[in-house]
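Take a look at this single chain in structure tokens; it is the form predicted on its own.
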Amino acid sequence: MTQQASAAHPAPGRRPEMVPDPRAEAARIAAVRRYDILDTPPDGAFDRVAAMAARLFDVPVATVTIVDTDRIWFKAAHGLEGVKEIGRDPGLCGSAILRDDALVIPDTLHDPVAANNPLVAGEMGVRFYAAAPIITPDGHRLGTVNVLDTKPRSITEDDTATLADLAAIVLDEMELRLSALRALRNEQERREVERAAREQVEKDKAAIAAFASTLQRTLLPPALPVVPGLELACHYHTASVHDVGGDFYDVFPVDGSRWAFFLGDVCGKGPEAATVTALARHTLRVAAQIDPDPVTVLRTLNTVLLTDVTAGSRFCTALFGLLAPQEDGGFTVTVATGGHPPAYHVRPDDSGAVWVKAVRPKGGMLIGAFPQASFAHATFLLAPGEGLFLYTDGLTEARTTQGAMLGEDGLTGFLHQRTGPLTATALVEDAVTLLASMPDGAGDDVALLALSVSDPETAPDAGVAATAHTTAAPEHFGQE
């Protein structure tokens, strides 16, 4: 559908002020409510869009906004710290959602409608404004992606198209988020269409397999975030370029100070495993925003995998952790496990070796296999200079020169005998070197995720994110 708006009669030379049609506005507000995004916590995907817009247009302020009945709420605000919402005054965002195309105002003081907007007339003094509406597939304009400057300027048609593309990216992220929410809230409905969905999955297998490499990249975060006080590093290796792997990981914020992380492994490979991997990753992120308790998050994932028709009979293992910063620079870590191999807590030993402790909460069951599955958790302190190493079983199942699997004992011994620094980057790089030394490399997919607490005496910077992605066939093992 196309929303309608009428123009009030303007004086000669004035830009007409658009007035929303009441019925179209009611339908638009219903669409905003359907996406259930208002007043949600910050999300890195939307923050990256705002930062990208500011960088591409070389402006001090860029925002992603959702327009409510009487307010304009900021989902992301680059260069506008501390502002959560403003009134729905005409001239800028309030006017931009009434158009199908982008709104560009080269100089707001020469625009009679925009000149009266508080962002223009107030302390901020906005002089340039451009916005592209975030339009749903059924034609509702939920909000806008905006770029603002304190001096007049003009942009090209290509720039306007770029702004529209950013708005489309925001809608894609909202659609993904909405899909995950529906997976949590509409379990019964999905069970009723199970047979039809299973048939559709079979038809789609061949098509999905042809795009395995591209799909694999979409299942992993493009980069790890910068977490104050932490260094992060990751590595991913697929055993075959012809199949999509089922290993997954992520690190993301859950509120103003706490961060969550997870690493898991879906049973099997190929299109079905990719479907479950995507479902698991988005479910874990959404569930953590509702209640970040690690055991609760794994219970939610267990329910979704058992009831979502696209998951079929697939199950997975996973570790989910919650990081809470402490005043001494360390982090309180709560880790819950669902059938996954243990993580390893490492720190320097007085003898010059490495103290290694397996973080193995007792009782964590496979995720998506049993309706009444129970999950266990452990809480410990990750102090400055210490690290946490997570991995999937492709690492411990790699075979040594003697033909035996490395195993948990072999991995423990390897970590204990290390002589290098206990930074996240060093832990991941050494594990990659270990795998490369195996006669046949890794026979299965391998995902690695390491976290280390910065030591103020040796690493004064507040946060480092070191990403090492690898997607390779067995004979091509390396780091990018």
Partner chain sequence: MTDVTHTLHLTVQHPRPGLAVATIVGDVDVQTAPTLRSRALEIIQQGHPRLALDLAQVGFCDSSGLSAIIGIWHVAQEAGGSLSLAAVPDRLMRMLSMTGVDSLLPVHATAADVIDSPPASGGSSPRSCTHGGTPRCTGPRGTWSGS
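Positions refer to the first chain, counted from 1. Small disclaimer: the values here were computed from a predicted structure and weren't measured.
There is another form of the same protein, the form predicted in complex with the partner chain; it is not shown, and what comes next is about it.
Contact with the partner chain in the predicted bound form, judged as any non-hydrogen atom within 4.5 angstroms, is confined among 160 to 168, 340 to 348, 93 to 101, 129 to 137 to 340 to 348. The listed set Ala376, Leu181, Met405, Val356 contains one residue whose heavy atoms approach the partner chain in the predicted bound form to within 4.5 Å, identified as Met405.
The contact with the partner chain in the predicted bound form, taken as any heavy atom within 4.5 Å, belongs to Ala369 out of Val295, Val254, Leu176, Ala369. The closest heavy atom approach of Thr283 to the partner chain in the predicted bound form falls outside 4.5 Å. Although the partner is absent here, Asp39 is not a contact residue: none of its heavy atoms lies within 4.5 angstroms of the partner chain in the predicted bound form. In the predicted bound form, the partner chain lies within 4.5 Å of some heavy atom of Arg399.
Taking non-hydrogen atoms only, Phe331 never approaches the partner chain to within 4.5 angstroms in the predicted bound form. Contact with the partner chain in the predicted bound form holds for all three of Cys267, Gly364 and Asp440, each having a heavy atom within 4.5 Å.
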